[in-house]
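Coming up is one lone chain in structure tokens, specifically the form predicted on its own.
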């Protein structure tokens, strides 16, 4: 049976929406959120892939102001002959075929940290990777600034991402973790509201990982160090900034993987429709397995 379409405020609006049953089509995501989502997705993907190619030029990370081939690195991706490895501190993990060394299309071993299918460009070029990376870095910084300003103006942050004391209680957080582990997702009107795990992860990305990756990126630029010397002091030197940049980027990639997994598990068609058109069909309760 067809259900009526209801034009409700976005999730977590201050006024409580009228009760609607499962199957109702409602408005979920604002236009600003949808534009930010897809701009961010493209930008982060290009920056991650071009960043991996930049890392290929020197696949070692250090702490402090200095770091070169003969200095002790806390992370290294390399190869012993045709055997790839990932070393973190004193722990060395074999990674042949994935990291350090891998086969190209001609079946020959290539000794680079990350394979061509994961990088931009696909063949080694530090210069081209920097062009891609820096061009999209400006897109990321500009889009983030606009999204922050717009979300403050339309009260998206205050209405959707504000964490209450009750939500932050350990008991409530643990309850949401167990519900997600059992694939028990919110239904009805409750599905429109961000749960505590979503709020924590989105806040970590918006107010933690993205600003960190931008600021550490600026710190690594020799052309900006004279005017932004405070950043060098803040992050403990260019090499520490590079390490933090890599860690923040890895955090964004981890968020991306979890985000995609949740979209698939919660219902990819409904979730994709909501982030493309803004319209979302309220889910009903799933039958418990017998």
Partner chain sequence: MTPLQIGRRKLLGGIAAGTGGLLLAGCDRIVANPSVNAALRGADPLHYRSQRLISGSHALAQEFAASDMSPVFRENGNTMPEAATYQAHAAGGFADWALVVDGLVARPLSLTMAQIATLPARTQITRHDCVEGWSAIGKWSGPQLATILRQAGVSSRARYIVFHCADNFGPAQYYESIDMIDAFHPQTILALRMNDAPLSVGHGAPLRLRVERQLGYKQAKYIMRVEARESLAGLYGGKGGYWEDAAGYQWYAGI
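Positions refer to the first chain, counted from 1. Quick caveat: nothing in here was measured; it's all calculated off a predicted structure.
Keep in mind the form predicted in complex with its partner chain is missing from the figure; the text below concerns it.
Review point. 261-269, 220-228, 248-256, 30-38: which one contacts its partner chain in the predicted bound form at 4.5 Å, heavy atom to heavy atom?
Key: Of the options given, it is 220-228.
Review point. Exactly one of 103, 193, 180, 130 has a non-hydrogen atom within 4.5 Å of its partner chain in the predicted bound form; which residue is it?
Key: If I apply the 4.5 Å criterion carefully, the residue I get is 130.
Exercise for review: Check each of 167, 82, 71, 92 and return the one that places a heavy atom within 4.5 angstroms of its partner chain in the predicted bound form.
Suggested key: Looking at the other structure, the residue within range turns out to be 71.
Exercise for review: Could you tell me if all three of 140, 156 and 209 have a heavy atom no more than 4.5 Å from its partner chain in the predicted bound form?
Suggested key: No: no residue has a heavy atom within 4.5 Å of the partner.
Check your understanding: Heavy atom to heavy atom, is residue 121 within 4.5 Å of its partner chain in the predicted bound form?
Key -> Yes.
Review point. Going by a heavy atom distance of 4.5 Å, is residue 239 a contact of its partner chain in the predicted bound form?
Key: Yes, contact at 4.5 Å.
Check your understanding: Is there a heavy atom of residue 147 no more than 4.5 Å from a heavy atom of its partner chain in the predicted bound form?
Key -> No.
Exercise for review: Using the partner position in the predicted bound form, report whether residue 126 sits within 4.5 Å of its partner chain, counting heavy atoms only.
Suggested key: Residue-level check for residue 126: yes, a contact with its partner chain.
Review point. Within 55-87, which residues have a heavy atom closer than or equal to 4.5 Å from its partner chain in the predicted bound form?
Key: Residues within 4.5 Å: 57, 58, 65, 66, 67, 68, 69, 70, 71.
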